[in-house]
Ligand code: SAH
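The chain below stands alone and is given in structure tokens; this is the form predicted on its own.
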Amino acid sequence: MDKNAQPQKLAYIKTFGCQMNFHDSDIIAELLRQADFSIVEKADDADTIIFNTCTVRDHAENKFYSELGRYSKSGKKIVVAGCLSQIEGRGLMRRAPFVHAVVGPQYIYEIPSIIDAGKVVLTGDNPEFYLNSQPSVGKLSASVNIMYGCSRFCSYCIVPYTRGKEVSRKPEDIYNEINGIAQAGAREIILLGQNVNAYRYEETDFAALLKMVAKIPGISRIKFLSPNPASMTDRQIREIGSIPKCVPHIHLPLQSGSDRILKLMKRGYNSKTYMKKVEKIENYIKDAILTTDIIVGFPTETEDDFRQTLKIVGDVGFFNSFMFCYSKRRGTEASLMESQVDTELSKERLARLMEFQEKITAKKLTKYKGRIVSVFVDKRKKGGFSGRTRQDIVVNIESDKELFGKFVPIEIYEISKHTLKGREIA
């Protein structure tokens, strides 16, 4: 044994929340590898545990604290990163004094250096954050931040307080990053931003950026998350429809079908303008499918308000909806509103909405049975593979051939609750 050999440094990363957090965790993992850490799959095997937290809803926050408590006497170094860190700051360390470091979203590049340093709290704005070049993460489907933060301040949302105001990256930096990722083998790019279609850097807006990314050799599919209907322009819709590489799956958060509630939410649109955008998407983007986000039980929501949401869900026929009960977030305008809706009533409405949506989804999936679709195979699974259609629908594939990383014609023979099952065409 080499007496001069350095002991192996082992880190485990647990991620809560949105796609942005998962991308941040990919960056943290790559930075740690560059600092001679090995990333392990089990917390018990690690010397350092990094929690990348979310505070958008109570559920994610409570889940984190429950997980954190398990390691209070472990002797491991605990680093808490992400949005909850930004909100709680030193309060988090007072609540859990065994935590080694508390790091806000704009300080993730400091994590490798602080692990070996003393206790520290790094939160607030960090002007240097936007100057960092993002490390390449080798994946077939790779996410790229095109902007950070949000300046809309919807009345229920904590994100502007945790991620800061909107800052768009230079288009040439985005191009160079994606070009490098493509050369490393990526075939699908997911453009990320809290309000992704509000991207603008000088004369380059979101539509222009899509055209630029589409010209990068090697990239076959372009996706983006999450747009805001208030920022969705006719020009954006036309460009998405005209670029073959753009996936015709548009995630367009509705949040509520009630104009009164939308106004209280400060969403910047009403049901009529939302439906006009849906109509234009269906007109300009061939074979488009729409998914959405919906909040049930927002303060003062009545049964009539809820029924208006049900109506729009039915009228649009969303392929799927991500539905949640309203979660009160300290520091937001909505948290101070009177007439908070009873929790049990919110859950009852949510159950009705989920049942309604499941029927719509099942009906839409049934239409694929017997069809042959092109699937981008991006995951290996027991007994086969998993991939996505051009419309981003998950297909589980039975095959003993090597399909990973390929575009394969698949015949759909069975429908599951939210996915399709298929076999390769010989």
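These figures come from a predicted structure and were not determined experimentally. Throughout, we count residues from 1 along the sequence that is shown.
The form predicted in complex with S-adenosyl-L-homocysteine is left out here; the points below concern that form.
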- Note on the structure: With the partner omitted here, the residue among Met147, Ile295, Ile174, Ile189 that in the predicted bound form has a heavy atom within 4.5 Å of S-adenosyl-L-homocysteine is Ile295
- Item | Heavy atom within 4.5 Å of S-adenosyl-L-homocysteine in the predicted bound form - residue from Gln308, Asn228, Thr291, Gln236 | Asn228
- Query: Is there any non-hydrogen atom of Cys157 lying within 4.5 Å of S-adenosyl-L-homocysteine in the predicted bound form?
  - Reply: yes
- Can you check whether Tyr201 is within 4.5 Å of S-adenosyl-L-homocysteine in the predicted bound form, heavy atom basis? no
- Message: With the partner left out here, check for me: in the predicted bound form, does some heavy atom of Phe129 sit within 4.5 Å of S-adenosyl-L-homocysteine?
- Response: no
- Message: Can you tell me whether Gln106 touches S-adenosyl-L-homocysteine? I mean in the predicted bound form, with a 4.5 angstroms heavy atom cut-off.
- Response: no
- Note on the structure: Which of 107-115, 308-316, 247-255, 349-357 lies within 4.5 Å of S-adenosyl-L-homocysteine in the predicted bound form, heavy atoms considered? The stretch 247-255
- Determine the residues of 308-332 with a heavy atom within 4.5 Å of S-adenosyl-L-homocysteine in the predicted bound form and present them in sequence order; the list may be empty. Phe324, Cys325, Tyr326, Ser327, Arg329
